[in-house]
Every structure is written in structure tokens, then in C-alpha cells.
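Here you get one chain, nothing else, as C-alpha cells; it is the form predicted on its own.
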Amino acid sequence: MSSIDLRSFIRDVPDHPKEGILFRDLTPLLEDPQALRAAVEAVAEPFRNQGIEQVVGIESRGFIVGAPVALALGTGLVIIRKAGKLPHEVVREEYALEYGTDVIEMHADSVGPGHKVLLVDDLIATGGTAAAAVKLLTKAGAEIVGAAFLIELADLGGRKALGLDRVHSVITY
């Protein structure tokens, strides 16, 4: 494991996107090649030699983290997007937001019964979108080996919302 302090590459942005929210900005980490390499390795490492067949990234920063993790694990990348963004036949999952609902989708032929997958995103907070992704993958018959996040906001309880045995986060606040 790298000796790079990845936390030092996360920029705190107060009152973004609205007052009272402290945004954890990972763009400085993405811009530094050594930090990015160390972060990808730290996300992927616990899942090496686990028979992962696909990494599943959640829109949109999950694509940024998920793609190099997929390469590190020798797999492809399945993408989960907001409704209406994918061009082929999709499966979908509706989930509750604080006010209203949202929908995520993936291509119907991306993951099938028994496929061993790793769910990846940049950050887990309340876990709503990731929990919807878990439901979507479960409905498709996938075997979810675990979920991995670069950043976890532990006080918001997102890990519990997933209902998975293996949830890995690299940096915890």
C-alpha cells in the first residue's frame, strides 16, 4: 500500500452546493498522478483475487473511480446512469429522495444471473443511490461481492443502507 496521505488531496469546500454543506472535493486527488494511482489501488486491493467479473460504476464520479478500478482488477466497467441516458434496453430502479423520487438504469444485458460484481462510487453519504444500485443489481441476479468507495461520510449511515457484508472505504470522515 502506498504511503501517500490521500486525505491531504481532498479539498473541503464549505457551503457547496448549498449553505451548511461541507463538500469533499476529490478533484485535487484526480489531478495528481501518484495520488490517483494510490487511490485506485486502495479501492481495488481488498477485492483482488475475488473473482470479480465486472466493476459497476454509479453516475457520474463512480465512472471516474470505477474505470481504473476495473482495469486494476482486470474487468470491464458496467455503468449505472440516471433515467433516459442509456441508448439500449434498460432495467431500472426507482428510489426515494428527501423530497420525491429518482430513477437509475443500466443496460439490461450488462449483468446477468451469477455475475460477480463490485459496486464502486467516489463517495457514500446516506447511501440512497448506492442502495438503489444494489437493488438493481440484485434484481438482475448479480452476486454483489462488495461495494467500494473512495470517501465515506460515516455519520450519515450510508453503509448500513446497502445491506451488504463487504463495504470498503478508503477515507472516512
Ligand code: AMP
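Residue indices: 1-based, along the sequence shown. All figures in this text were calculated on a predicted structure; none of them were measured in a lab.
There is another form of the same protein, the form predicted in complex with the ligand; it is not shown, and what comes next is about it.
Although the partner is absent here, G57 sits far enough away that none of its heavy atoms falls within 4.5 Å of the ligand in the model of the complex. The shortest heavy atom separation between E53 and the ligand in the model of the complex exceeds 4.5 Å. Residue contact check for A125: one or more of its heavy atoms lie within 4.5 Å of the ligand in the model of the complex. Put simply, H115 is far from the ligand in the model of the complex: not one heavy atom of it is within 4.5 Å. Looking at 126 to 134, 43 to 51, 66 to 74, 102 to 110, the stretch with residues near the ligand in the model of the complex, meaning non-hydrogen atoms within 4.5 angstroms, turns out to be 126 to 134. With contact defined as any non-hydrogen atom lying within 4.5 angstroms of the ligand in the model of the complex, the contacting residues in 23 to 42 are F23, R24, given in sequence order.
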